[in-house]
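Quick heads-up: it's one chain on its own, the form predicted alone, in structure tokens.
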Amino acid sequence: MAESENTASAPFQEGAGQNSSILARVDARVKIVCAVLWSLMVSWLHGTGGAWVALAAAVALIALARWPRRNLINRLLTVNIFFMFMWLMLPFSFSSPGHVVATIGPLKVTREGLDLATLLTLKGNAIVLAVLAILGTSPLYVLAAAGRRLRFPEKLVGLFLLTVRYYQVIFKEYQRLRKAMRARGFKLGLSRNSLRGVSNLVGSLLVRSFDRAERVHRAMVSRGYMGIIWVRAEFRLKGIDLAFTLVMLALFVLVGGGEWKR
């Protein structure tokens, strides 16, 4: 099946602002390239000055993407849980030879540890916000088709498409199992029975997921599946794609300028 027709027909659209945001009209191939280059550049930053500029640019992009506030907050909370644990360790990891700025009992808080934790937090949030703004305004199936046009490995494209398609199915199965456990009086805790219940839940979910994957694969093969999942999407470079590319280049220069001077 050839990749044709309008991208609006693609299902499972991500990001509530994609129908009205100007970023939704940018070619998905351009957005993938810009998102990858942005992530590489921000991860390369070594100074907090450039990281703050990158975060400000990412906030501007997310505002342009018109992401719903509650959805955005939930995603940022999920990401920053990791950084919270990092803040509990890094400030105490440079006690020798580090510049101690405070002591908490036997632990010493160093400026080097605080600087590193700040830098990683800024860079992580700048990458997440920008990627959400750039890629989250395109349907996920269109992103998969764009990845194929960019010569991504076919197995990677297929894995992405199947993950998108069956994530909600597996999640609903998990919710059904959790509801059944609560109906039987299960309460989450650190007791032996609670841990046994969680392990049984994980095992049941894995077994059911494997069984469903086998059934889906047999159904796909019976319908002519030969290793390629075709997605109908049309790509055509427009003036807005050039404008978006120029804006991203300007952001690259703005963010990376301080690092290059160093």
Partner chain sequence: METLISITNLSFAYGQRVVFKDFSFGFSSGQRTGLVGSNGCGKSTLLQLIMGLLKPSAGEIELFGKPRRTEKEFREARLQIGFVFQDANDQLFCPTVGDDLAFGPLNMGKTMEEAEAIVDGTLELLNLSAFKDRVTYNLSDGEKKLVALGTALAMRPRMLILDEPTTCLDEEACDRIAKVLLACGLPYLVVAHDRSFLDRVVTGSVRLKDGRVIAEPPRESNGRPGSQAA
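Between two forms, the rigid core is defined as the largest C-alpha subset superposing within 1.5 Å. Because the structure is a prediction, the values reported are computed rather than measured. Numbering follows the first chain given and starts at 1.
We do not show the form predicted together with the partner chain, though everything after this point is about it.
Original post:
Would Ala51 show up as a contact with the partner chain in the predicted bound form if we use heavy atoms at 4.5 Å?
Top reply: Because no heavy atom of Ala51 falls inside 4.5 Å of the partner chain in the predicted bound form, the answer is no.
Original post:
Is there a non-hydrogen atom of Lys179 within 4.5 angstroms of a non-hydrogen atom of the partner chain in the predicted bound form?
Top reply: Contact with the partner chain, no.
Subject >> the partner chain contact in the predicted bound form: Gln168, any heavy atom under 4.5 Å >> reply: Yes, Gln168 lies within 4.5 Å of the partner chain in the predicted bound form.
Original post:
Taking heavy atoms only, is Met220 within 4.5 angstroms of the partner chain in the predicted bound form?
Top reply: Result yes; Met220 sits at the interface with the partner chain in the predicted bound form.
Original post:
Among Lys172, Arg212 and Ile228, does every residue place a heavy atom within 4.5 Å of the partner chain in the predicted bound form?
Top reply: Yes.
Original post:
For 127-144: residues with a non-hydrogen atom within 4.5 angstroms of the partner chain in the predicted bound form?
Top reply: Only a single residue, Tyr141, comes within 4.5 Å of the partner.
Subject >> Shift of Pro68 between this form and the one not shown at or above 2 Å (CA, core fit) >> reply: Comparing forms between this form and the one not shown, the Pro68 CA shifts below 2 Å.
Original post:
Can a Cα shift of no less than 2 Å be assigned to Ala117 between this form and the one not shown, given superposition on the rigid core?
Top reply: Superposed on the core, Ala117 moves its C-alpha less than 2 Å between this form and the one not shown.
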